[in-house]
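Alright, here's a single protein chain in two forms, structure 1 and structure 2, each given by itself as structure tokens.
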Structure 1
């Protein structure tokens, strides 16, 4: 090859490479953007890692507001113990030299798998110590604890301590493992919907469906629909199958569902099942998951319909069967042999009281109350996980004592076998809080008597 040809070849290769990398950066979402991933993305973000500009500026800086766009509401709900405002308080400006927690990225850096701990933490585990090293003086029981042991199960979390504040611990000290009631909140969305529209709504029969003529659908569909809460609430075919432009669609999206079930869809889009849809990407599939999944359903697309079978909307199916057909991890497979599943079966068989069964959804898609005191199902299954003590307040403590709940959630073996057995771990926080409160009460009484006596 002549020198001239070598130069031409070099130029062609250079132009092609330049075009390839430029396209990689500018196309959003772009398959080629993976070229620029600086490292493996964390479990929380990898699903949307190709949407670089969700988190990054065009110059590949990190947008602080992007963290709060997705996590702000959750932090607010959890009454964040270390909000940004704690570090914008000028009275605590000295803390900024130890930990500039005004920026999420001080603790949570992305694409650094070699130093990323659970919950996306990229700081060494001793970060608590830098500001709280005097804790032993305030709490003598803490004096001998290891400097990196604060954020362990049942003790403290950086952000979410809603189930761990000391007054709650003391209030529930000494509770039995099983509480008396052992029932979860009943769902009441249908009732409140009916109450809201009772004057204009009536139960529809199968033949009253308003599907367009000539659609050629299976008759079973209208039979199934007529048996649902949708028909009972006078929600006809067009209620879900008509787009904003009033055009018929055979495949309603989560936006159709969200027109009535806004809280549920909002949670779904925040969680692992819907976060790709929230960013305008294709739906998540089990094959793309990092958790073990059954290959048979690997390519199922996670839309609302994936769990809520269209036209039947069987919530019992969505609460267990829909989960276990995909999730193949130890915890999920063990559920079918667990006492919780036995309770679920009893409730379905009519032997147990309504609300006495414990399905997958009972714990991972819990029933919460909105501002109007209506019960709704939180469809962000990560809302009460990581740290799992978040589950105590909304779920475990409805049936189990606080000590038992914290012990069980700290026991890795018990989590894996889906709570078949008793906790082998004992979380000391309740005993410590009780002891401290008792001791303080004694000292206060002593001081009072001393004042009155002298």
Structure 2
């Protein structure tokens, strides 16, 4: 073979290999992408790591808009204290020399597990100090704090400071460990829906189901359905089992559920249970989780039906049984021996007041109000976990005093045994805030007296 032919052959092989690797990298999902992962992905993104183009350009650059597509709404809800606009203000351009926060990847780089901290932070933890080093001089109480301790006990977070703030700390200083009420907010989505449509809806009986003839389903299904809120709200079989093309489907998707339960489905897709579905991937399964899970349910697909048993929609089952049949971590398994579980059992038995029980869902699927003031369940189970102080206002503080709540959430041992016992950690934030407010009031009073005397 001549040298010319050898060169042509080499070029053909090279082009073919490049085309193969390019197609493998960009094919969605998977392909050769796994081979070319530059490093382990964070817990927040590993489920979708095979969907490279969700975050990357074809040239493997990072798309800023990808971050905002998934996290923008949450940043807006949290009234982000460090928005991008703060760093594009010409008057504050000097801040860019300390932290170029115009780009998410300045603080949150992926595939660098050796330097990735909690919250996906890939910067050293002392990043606050570079812009706020005067705090130690302005607040004597902060003078001896370590440079990397700003987020300790949830006091200061870069984006979201809704969990704790000084007025809240001072207002609830000195509260007892147990508050008087000890009840969680009741759900009223179903009642509200019934009230809105009661005139045009009626409760349907089992024999009124509109499933197609010849479907061959178990009669127990229609009996179960007739006992649900769906039948009571006149939602017939076709309401869930008919696609947008008006074709019957035996397996409705989350999109069918979202036609009526849009807030719940939106939260589900934002959380770890539904984020794969949000990107067009197959459902998450417990076997693919990084947390310990029971192998017996390893291949269960996490759709709405995984927790809400089809045709029964038992919310009590979804609140506990659906969780503990999969989660095998220390915190989850200890729940069944906890005082919270005892309260849950008491409520189910009718011995405790409605709202007095504490299920898995009580803490991890908090109840929120939508625009219509309806109380619905947030189905993003990760929404109040990072940092865990976000649970205080929405959950813990409905039964426990603020100091007790913060101490318990800071006690790693207590978290692992699912709060069986008293916290042995003391968070000083409330005392510090109270002291600061008292001292500030004293100084103002002294200044006032000086002015009046002078």
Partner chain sequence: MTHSMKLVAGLLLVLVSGLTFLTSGGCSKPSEAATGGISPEKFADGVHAVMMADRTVYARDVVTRLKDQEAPVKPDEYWEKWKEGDTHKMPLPAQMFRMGASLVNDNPDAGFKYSLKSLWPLNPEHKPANEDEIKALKFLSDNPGKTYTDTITDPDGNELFVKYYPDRAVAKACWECHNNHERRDMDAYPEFKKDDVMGAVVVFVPTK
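Positions refer to the first chain, counted from 1. Throughout, rigid core stands for the largest set of C-alpha atoms superposing within 1.5 Å between the two forms. Keep in mind it's a predicted model, so treat the numbers as computed, not measured.
Undergrad: Pick one: is 1 or 2 the form predicted alone?
TA: The form predicted alone is the one given as structure 2; the other form is structure 1.
Undergrad: Rigid core aligned, does the Cα position of residue 9 differ by 2 Å or more between structure 1 and structure 2?
TA: Yes; that C-alpha moves by at least 2 Å between structure 1 and structure 2.
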